[in-house]
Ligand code: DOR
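Read the single chain below, which is given as structure tokens and is the form predicted on its own.
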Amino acid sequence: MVAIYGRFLYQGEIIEAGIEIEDGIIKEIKKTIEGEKIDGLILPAAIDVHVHFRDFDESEKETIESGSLSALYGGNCLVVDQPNSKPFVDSYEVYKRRMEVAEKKSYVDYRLNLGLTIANAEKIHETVKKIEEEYRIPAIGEIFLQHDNPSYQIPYDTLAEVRRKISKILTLHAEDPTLISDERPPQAEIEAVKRCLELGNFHFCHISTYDSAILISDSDSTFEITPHHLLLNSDASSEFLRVNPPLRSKVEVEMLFNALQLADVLASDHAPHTLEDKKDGAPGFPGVETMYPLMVNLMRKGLLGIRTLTNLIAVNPARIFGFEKYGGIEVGNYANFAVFNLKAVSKIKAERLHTKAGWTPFENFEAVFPERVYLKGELALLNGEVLIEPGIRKKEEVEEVGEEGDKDEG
């Protein structure tokens, strides 16, 4: 039994109290509990539901070990890796291979989505059943409606069929292939969202337009927004700022930011590439380490409410994807905390980050990095020093959910 004492968000209010922890679980929260006094603001550790940790044939870009270390430094307790690695995660064999690496090498709790391809669409139910004899799959996806590789591009009729026969959450990269051009216009995303909403409920990845956000918020589907679609815009033209879906105009970005309270999840879409790859036009940004620090800085400046932030980055991801005992600081949840000193504002520097990418689109942006990170009650990071070894420490319990669950007011 251990206890800490400090200021934290609890049931919608910032209070000063003690948190008693037993076997990694929050056992009790009371003002009368005595424990180690923690300076700073204690927030729930983040859940990043959209990362690409590469590894295997692309280990020069990132590995599960390096990506999860970066996640830890960014205040994350759990990440969901996407299947479009090399090799593509579309079978039991590849899925198991990645999970076995993560169990030994990941610094934070690790989950892995299963990929959907033309080849495995007809047998996806059987593949899910076999994998879930050992692991729980958070979702099928990121499913691509448009992809340079025809095997990975899923037609609407195939998507509809999979939606009908499987109850798992399906996460979508929504860009309509008939409207894709070199510019990848906003209408490609908006049209894809419209068509998909006619087919059923989905979780939409990295939404980049205001119109898409409004459409999804009026449905039973859910969606995520990334920091780069909120803080960067297309006015600065550079091969280093190429990403899919692309950055939008300054006006569109401002409209999207103003609609942030309609979103369900903040996710980084951490997609690291080497500097050489970026010079050749590869799309994607590293971001798992900078997402929470950037958002905490916006909260510090009064541009983002603390309840909105914690809902988007911890509470809602846990609820939507069925991660039991994760989420907010509540009795019965894991003691996963990120502690921020709101006066310790620094500028982001690529040389200080822990991804293999070696660069960041947020160079010199203000951020507040966590001074402490607790994983299931264990102090894992203290003032820049990692105090744990890689390797999943416990088998986590998860609850079964339906397609997306009930939407929450973010």
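Just so it is clear, the structure is predicted and the values come from calculations on it, not from any experiment. When you see a residue number, it is the position in the sequence shown, counting from 1.
Separately, the form predicted in complex with this ligand exists; it is not shown, and the next lines address it.
S.K.: Which pick from 284, 185, 328, 227 sits with a heavy atom within 4.5 Å of this ligand in the predicted bound form?
M.R.: The residue in contact is 284.
S.K.: Within 4.5 Å, heavy atoms only, which of 111, 206, 168, 105 is in contact with this ligand in the predicted bound form?
M.R.: Residue within 4.5 Å of the partner: 206.
S.K.: Quick one: find which of 373 to 381, 351 to 359, 33 to 41, 47 to 55 has residues within 4.5 Å of this ligand in the predicted bound form by heavy atom distance.
M.R.: Only one stretch passes the 4.5 Å heavy-atom test: 47 to 55.
S.K.: Taking this ligand as it sits in the predicted bound form, is residue 176 in contact with it (heavy atom to heavy atom, 4.5 Å or less)?
M.R.: The answer is no: residue 176 has no heavy atom within 4.5 Å of this ligand.
S.K.: Would residue 77 count as a contact of this ligand in the predicted bound form, using a 4.5 angstroms cut-off between non-hydrogen atoms?
M.R.: Contact with this ligand, no.
S.K.: Would residue 335 show up as a contact with this ligand in the predicted bound form if we use heavy atoms at 4.5 Å?
M.R.: Outside the cut-off, so no.
S.K.: Give a yes or no for residue 295: in the predicted bound form, does one of its heavy atoms lie within 4.5 Å of a heavy atom belonging to this ligand?
M.R.: So residue 295 does not count as contacting this ligand.
S.K.: Determine the residues of 140 to 177 with a heavy atom within 4.5 Å of this ligand in the predicted bound form and present them in sequence order; the list may be empty.
M.R.: Read in sequence order, the residues that approach this ligand (within 4.5 Å, in the predicted bound form) are 142, 144, 173.
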